Structure formats: structure tokens, C-alpha cells
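Two forms of a single protein chain come next, each set out by itself as C-alpha cells; they are called structure 1 and structure 2.
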Structure 1
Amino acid sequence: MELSGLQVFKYLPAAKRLPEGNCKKCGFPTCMAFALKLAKNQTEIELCSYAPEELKEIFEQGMKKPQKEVLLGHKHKVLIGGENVLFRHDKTFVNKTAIAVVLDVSQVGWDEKFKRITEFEITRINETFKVDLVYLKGDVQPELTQKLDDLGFAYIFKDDLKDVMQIEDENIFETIQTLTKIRKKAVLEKDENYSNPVTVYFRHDENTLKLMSRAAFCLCKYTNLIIFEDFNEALISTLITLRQNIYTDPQKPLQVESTVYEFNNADENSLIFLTTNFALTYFAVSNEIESLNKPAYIVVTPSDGMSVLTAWSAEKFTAQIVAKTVNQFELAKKVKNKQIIIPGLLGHMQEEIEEALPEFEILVGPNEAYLLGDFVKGLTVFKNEVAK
């Protein structure tokens, strides 16, 4: 609801100086008090029998949900729909586009496909993803559904999609036009004929690259459920990556706490790495550190959830902030090896940081986190240890 209390008040009897004004029948002392509560959705318009039709209409319209939510699945369920906006920056998208793969038991090799679908699992920025739904076709035996239940997978049959608007993609251009029209009708007009979530069905396509492009368009522009006949790991993992981007809440960048994180039984011989508290940045780095299998600390600066260079530009990653963070956690006491590795992109800060942290030597790491493995192998501390 976008009406302010004052705007609501203007419709009520007291504002129009009508005799019923401030009659208290609604249970509030004045029309204004009622208006203020109403604007916050803390009371109901029906309580005032003098409210004009016009205002009632506005409220009815406002109460309507643009898009319905639908729960799919049997034992395990996936929620789709419920979107309120056309653009993610307007607010945020809510329920991630679900990704379903068809498993047709009448086809040869379905058991192999079953294995691949159920084994699929990726982790990005600390979130783990699997295929959301298995779309079962053919003469499905209870053993199969039982197995899916046990493995924690949601599944659907054709009939489960009755509350979902279905589009079969023939031409991506037309598909997107239809999807856009549906979402506009739902969000801008709250037209109930278009309020069901929408699914796009992709038939088998030899050309996985084209399929990738079509699916990416559909994910950005208004599909609540994407169903693939094909199963391709690269395609699904790439699409999930896109989904993670598009469905991030634009109002709050994912952050981690600014503190010192320990890895692989960090001890006094640990390597020390420095980065910002942007979740994307932190996990890019921590994933690498974890797989180094070497004791390590990551010092995370309080940088308002900004990437390395963004934080630097916004002066949220200064030598002072770095020094403060390192000192606050008394790192100098914890380690013998007094070297701190900073992101390669901030190599120009080496001297500044050394000045601010005289106890430490500052090493400039690589520009990309995934090159950390090779970088660490080249470090003398590491070499010494191997020699031991």
C-alpha cells in the first residue's frame, strides 16, 4: 500500500467537513486516527461505513496479490510465484525460479539420468543447490517416488501443474513477449487471469548453447518454473549462478561478519590473509584457503559488504581500517609468522599498510583468489616447512 495516512484522511468525512466526521463508530477517536491506522494496514476499511466507494476500491486493489504462490511437490515441496515487481531494483524478487528436469521412465537410460539428476549438487557463496524438482513421466512405480522422497527430492506429475500457466518454448522471442505480458498484467493491473505462476517447458535440443541462452532469458524475464527435458550439468550450474545473481535482494548485499576466521586448525604458524566482508569476496577467498589444507587465518575488514576495489574506492578499506581490525583481534600475539597477504588488486597499498602495522610484513597476493594455491606454494614459509 502506497497511501499515506494523510492521503487516506482526505477521503474521510472529517476532511470533507461532513456531519458524520469524527463519529467514533469505527472505534477510533477521530477520522485522522482511523486514517493513520488504515494506511499502515492495521485496521479494516469496512469499519467506517461512511468511507467512499473510491477509497474502498483503492484498498481492494491494493490488497490483491499480484501473483499467487503455488506449492509444488508431494512429500517435499517447492514454493513458486508470489512475485510483486517487474524489476528487481523495485524491491526484490521473492521465490527463486524453480528448475525442474523431466525423468521419463519409458525412455531407455532413464535410470542413468536419475542418477545424474540426484547426484547433482553445487555450492556457491555458501549456498548449496540441487535440482529443485523432478518431473516424472511414464508409468512411474511407487519404488521410484519412495526413493525420491528418501533422497529429499520434490517431484511432480503433469497434473500437479494445473495452477501454473504453461508455455512451451517454440521461439524465444515470442516466449519472452508472452512472459512479459503476463507479468505486467499481474503486477500492474493485478489481473486475476494472469495471477498464476508461469512455467516454460524446454523440449530436447541438441544445441545446448542455444538452450542455455533461451533458459537465461526466461530466468531474467519472468519465469517461475523452468522445465528441461535435457539434463546438462554445465547448463544447470550456470543457470543456478544466474539465478543467484538475479534473486539477490538489491537492498542488502550479502555480508559476512567482520572478524578473524580460522581454517584447517589455525595455529601460530598460520598464514594470514586479508579481505573484505562482501560475501561474494569472502567465499571466493575462503573456498581457496580451505582447499589449501594449510592452517590459515582470514582477517575480514568491516567494509559495508563491498568488493575489494569497491571498498577501496569508497574508502572502506584503508590502511587504518586494516590496522584497526588486525589489532582488535590481537593477531600479532597469535602468530609467529608475521606476514599478511593482501589482495593483489590492492598491491599499491602495501607500503601504507606496512606503516600502519609495523609488526607485520605485507605480501601482495594474486589478483584472483583462485590463483592463491600457486601463490602459496611459492612462499618461503611454506617451502621451509616442506624442507623440514
Structure 2
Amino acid sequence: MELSGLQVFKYLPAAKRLPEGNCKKCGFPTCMAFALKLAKNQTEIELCSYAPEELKEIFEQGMKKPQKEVLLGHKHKVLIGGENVLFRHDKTFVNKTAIAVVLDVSQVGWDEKFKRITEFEITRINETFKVDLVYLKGDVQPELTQKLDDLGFAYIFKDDLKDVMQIEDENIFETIQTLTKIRKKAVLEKDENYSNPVTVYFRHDENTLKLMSRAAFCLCKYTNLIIFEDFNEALISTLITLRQNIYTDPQKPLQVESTVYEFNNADENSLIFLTTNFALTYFAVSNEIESLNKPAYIVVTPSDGMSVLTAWSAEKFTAQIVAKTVNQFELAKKVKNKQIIIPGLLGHMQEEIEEALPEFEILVGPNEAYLLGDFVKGLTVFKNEVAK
């Protein structure tokens, strides 16, 4: 049970009009100030000499982690578990679902599988990912574990999962029901019998799409560790992309660095585009620009990870901010093409930005990134380049 500051206050002396009220012995000027801090876990209940046992019991229960955290791996570690909520928007998820691949050295071709696993890597939104854990089976020699250590991979054996609840997926609907029951028991009831992290084991499946959908379902509801007998780069890449979207703090938008990005060997004749540092907006624009196969720059303004309209409404995207970013990277000295294409949604800022950047002509682009290709084909600078 979690209490608000006002609910905590009702237990304290000042609320009960007792002589001890607002005694300041806790270090706060009033019982209300102490209650507000206590509700946010920013102070200790023991500081109040007059806190009733009932309130202490509530806080002792509330401080218990619904789900235990478990460190897996030998030299290199992966932390799983520790989740406190059923839904990401309630607060945030804590430790991302780990993805493990079985490497059975008793099977023919295991060395080729080892090579594929250790060479696999994907970069998305400024983060680089690989397989989190290698699940070793068979007569594993020290040379193999040493090689995994040297390559920076965490690995586990069967015995390492003793503190993890294990489910082998045979029927996805039953699996999801079990996972949901375990998480509800842990979070809502704080039942210690269900407090261990959970792993789901997926055996070989010829139907990769079916396997992918089952695993994606489990990643969302509520698996802490997914183990695959199969290794498929497309499968792992898809799950990593899904996981990255889920295991982020909803109060901290994904953002890229505010700078000037170069595409397709940017040169003095490059096209220039402008957007915010909201990651989804940036990657939508950059994908379209890459496909043009023409030299280009993207000027990314520091907008606290906000989308175009949100940044404008919060005054995080102003003509002054745009000018400061463009001038900071001395873009005027790098290009002969003095046209900057701004998002169509900010067309009303055209004259204002031109006043802040008198060396440049401001063009209003389309509202949606997927329309950039057709828009650019109509530009004079683009037509001239094609004619060459």
C-alpha cells in the first residue's frame, strides 16, 4: 500500500493535534513537510519519534521489492528482475528483458553458431546491442568460457538459473496466463512465493515468424529472461527493437545529440534539413534523406527530446535556438547552397527564422517525413545536381 503525503500526515502528531506536533525533531519544520518527503521516499520514517506502529508497518511492507533482482553471468553480469509495476506507464520498467541463446557444444556446427552469436550486433537510436547471455550446454571447456570473457559476453549454465522461475513455452496462451498471474501476485499482493524473476525457454521452431510473435508476447507480458535454442539475427533484431521501445522511462523521451549530421558524403552543395532531437522524428527524417542518395546535412536542435510541435509550444524550438545551432557549427562556411528546409508544421516560423539567419533562405518542407523525397525532387538545387 502506497500513501500520499496527505495520507501519511493523518498518522502524525500534528494531524491529531497532539503536543508533539511540528516538534521539528525530524529535521523538518512541520509534520506536513515530513509527510510529503516520506511519501516520496526522500526521508526515513525512523526520524519521527512519534510515528505510530501502524504507519511503520505500512512503510515496511511498501519498501519490499515486489520482485527480486538476480545477477546472471560469471565474469560479465546481466541484471534481471526488480520490477515494481504491472504497466510501464504506471512508473517505468526497471531492468530490460534479457535475451539468451543456447550454445550446446555437443551439437554439430556449434562453433559456427558461436561465431554468429558473438559477431551479431545492432545499433539503434544511439545504442548498440548484442545477445545478452550465452546459455552453455554440454562439455564446455575452459578455453570457450575464456573466449567469451575476452569478447565481453556474459554466459550461464543450467545451475545459474536456480533463483529464476522457469517456464517452457508449449502453449503461448497458457504461458501468458502464467506470466500474468506471477506478476500480479508479486506486484499487487507482494507474495514472496512469486517474487523471483521469470524465464521462458523456447525450443527449436522452424516457423520463425511464429516464434517471433510468441517471444514478443512474452517480452511484453512479463518475462525477465527469454532463452532461445535457435539463433536467428532477424528474430533477435526485432525483439531488441521492441524491447528498446518498452524498457525506457516514459518520462524521459528518447533523444539524439543536438548537432549537425552528415549524409551521403555531405559537401558544399548539400541539402540542409532542420528538425528537433526527438529520436523518432530524427530517424524518420534521416531514413528518408539516406534514401535520396544525395549529400545532405540535418541540423538537430536541442529540444529536450520533444517532437516538432511540442518543442515549439514549449518554446524549445525558437528562431534564436535554430540560429544558435546553425552558427555553432559554422554551417554557412561549409555550403554554397544557402537553403534550409524546415518541417511543414513550423511553416509559420519561416520569416522569423530568416530574420535570425539572414544568410539563408528558409524553405517550408512537407508535414510528414515520407513526403521529403517528392519535395526535394522539385527543388532547383536538386534538379541542377541531377542535370550534372
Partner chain sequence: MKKNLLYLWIKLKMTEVIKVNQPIREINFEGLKIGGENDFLGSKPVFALELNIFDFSASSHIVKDYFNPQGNQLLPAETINLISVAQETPCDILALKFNIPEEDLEKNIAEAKKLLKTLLPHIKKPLLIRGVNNKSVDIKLLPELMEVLDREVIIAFATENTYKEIVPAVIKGGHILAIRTPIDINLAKEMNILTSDMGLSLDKILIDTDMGGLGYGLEYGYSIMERIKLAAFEGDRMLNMPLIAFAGEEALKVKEAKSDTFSKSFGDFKERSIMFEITTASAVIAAGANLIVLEHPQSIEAIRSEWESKR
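C-alpha atoms forming the largest set that superposes within 1.5 Å between two forms make up the rigid core. These numbers come from a predicted model, not from an experiment. The first residue in the sequence of structure 1 is number 1, and each one after it adds one.
- The chain as displayed in structure 1 is taken from the form predicted in complex with the partner chain.
- With the core held fixed, residue 148 shows a CA shift below 2 Å between the two structures.
- Once you line up the core between the two structures, the Cα of residue 102 stays within less than 2 Å of where it was.
- Put the two forms on the same core and the Cα of residue 194 is off by less than 2 Å between the two structures.
- On the core-superposed pair, the CA position of residue 365 changes by 6.2 Å between the two structures.
- In this core superposition, residue 352 moves its Cα by 8.1 Å between the two structures.
- On a core-based overlay, residue 279 has a Cα shift of 2.3 Å between the two structures.
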